[in-house]
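Only one chain is shown below, in structure tokens, and it's the form predicted on its own.
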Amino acid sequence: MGPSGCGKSTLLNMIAGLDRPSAGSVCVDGEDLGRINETGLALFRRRRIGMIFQFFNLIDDLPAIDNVALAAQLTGTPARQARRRALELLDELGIADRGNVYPAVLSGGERQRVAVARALMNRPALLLADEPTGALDSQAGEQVMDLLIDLNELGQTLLLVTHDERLATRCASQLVTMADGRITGERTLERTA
């Protein structure tokens, strides 16, 4: 957690293997990302990292189910099997009836649920969320917060980046604060209701 421009998203990008640190190392799920080439990093992300973005990053030309299924198809999963898993995830997230709808027609909360389903498609070891409620109204934001808490309580490891203290204290068990590209504090939290 920290103010805009403090380095939160950059840190998240390094953990995802999208950026490389200028010094030190980044180890995720037992892998030193600095020792993996770009092709290997792409495979690592596809298989072991799920990413939820503030602005959803959905493909406008694909209906919701295909946006979700694409993540598995990129790892070599057959299309039929990928679509079956995508439908299961959309059902678990309460939007199975929106599977054939294109992103432009979905509400913000629905688009974020599609993005969450896509991030969970390959059963990632780590789910990264960059300001997941930042582009949502308060009701949709509450729904996404509840969803992230539920996923974490089911055992999903989640790293959430936010500048919103309410979101952090509601969703996190560990809070790391940043300022000017540096970690300035760390504390254990009790989740608030």
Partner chain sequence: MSAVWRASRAAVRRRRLQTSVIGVVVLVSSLALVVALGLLDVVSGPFDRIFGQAHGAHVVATFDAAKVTGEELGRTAHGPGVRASAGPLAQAVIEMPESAASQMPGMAPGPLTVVGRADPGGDVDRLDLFAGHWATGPGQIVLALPDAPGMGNGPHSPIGKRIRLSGQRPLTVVGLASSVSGTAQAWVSPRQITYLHPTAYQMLYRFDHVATARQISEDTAAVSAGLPSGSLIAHQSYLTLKAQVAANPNTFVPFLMAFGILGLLVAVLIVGNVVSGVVVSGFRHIGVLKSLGFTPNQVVAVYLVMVCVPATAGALVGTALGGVVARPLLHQVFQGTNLGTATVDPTIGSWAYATTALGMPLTVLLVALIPALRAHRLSAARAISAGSAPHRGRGPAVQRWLTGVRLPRSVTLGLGLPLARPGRALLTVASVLLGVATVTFATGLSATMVSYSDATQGVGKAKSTVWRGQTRFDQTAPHHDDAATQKLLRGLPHVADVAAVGFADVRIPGRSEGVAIEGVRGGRSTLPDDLARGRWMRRPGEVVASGRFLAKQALRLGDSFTLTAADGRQERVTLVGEILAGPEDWMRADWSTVTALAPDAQANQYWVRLARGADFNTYTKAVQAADPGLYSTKNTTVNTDAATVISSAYALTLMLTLVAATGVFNTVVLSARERRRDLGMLKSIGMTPRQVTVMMVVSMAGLGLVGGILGLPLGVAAYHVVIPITEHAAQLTFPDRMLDVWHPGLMTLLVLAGVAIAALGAVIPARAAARRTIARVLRTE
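This structure is a prediction, so every number in the text was calculated from the model and none was measured. Residue numbers count along the first chain shown, from 1.
This protein has a second form, the form predicted together with the partner chain, left out of what is shown; the following refers to that one.
Practice problem: Look at the stretches 36-44, 23-31, 151-159, 137-145 and give the one with heavy atoms within 4.5 Å of the partner chain in the predicted bound form. | Solution: One stretch meets the cut-off, namely 36-44.
Quiz item: Looking in the predicted bound form, is the partner chain within 4.5 Å of a heavy atom from each of 87, 92 and 106?
Solution: So, no: the whole triplet misses the partner chain.
Practice problem: Answer for residue 96 alone: is it within 4.5 Å of the partner chain in the predicted bound form, judged on heavy atom distances? | Solution: Contact check for residue 96: no, nothing within 4.5 Å of the partner chain in the predicted bound form.
Quiz item: Does the 4.5 Å heavy atom contact test between residue 63 and the partner chain in the predicted bound form come out positive?
Solution: Residue 63 belongs to the contact set for the partner chain.
Quiz item: Would residue 73 count as a contact of the partner chain in the predicted bound form, using a 4.5 angstroms cut-off between non-hydrogen atoms?
Solution: It does: once the partner chain is placed as it appears in the predicted bound form, residue 73 has a heavy atom within 4.5 Å of it.
Practice problem: Give a yes/no on whether residue 18 approaches the partner chain to within 4.5 Å in the predicted bound form, heavy atoms considered. | Solution: Taking the distances in the predicted bound form, the answer for residue 18 is yes, it comes within 4.5 Å of the partner chain.
Quiz item: Within 124-154, which residues have a heavy atom closer than or equal to 4.5 Å from the partner chain in the predicted bound form?
Solution: Going through 124-154 in order - heavy atoms within 4.5 Å of the partner chain in the predicted bound form - there is one hit, 130.
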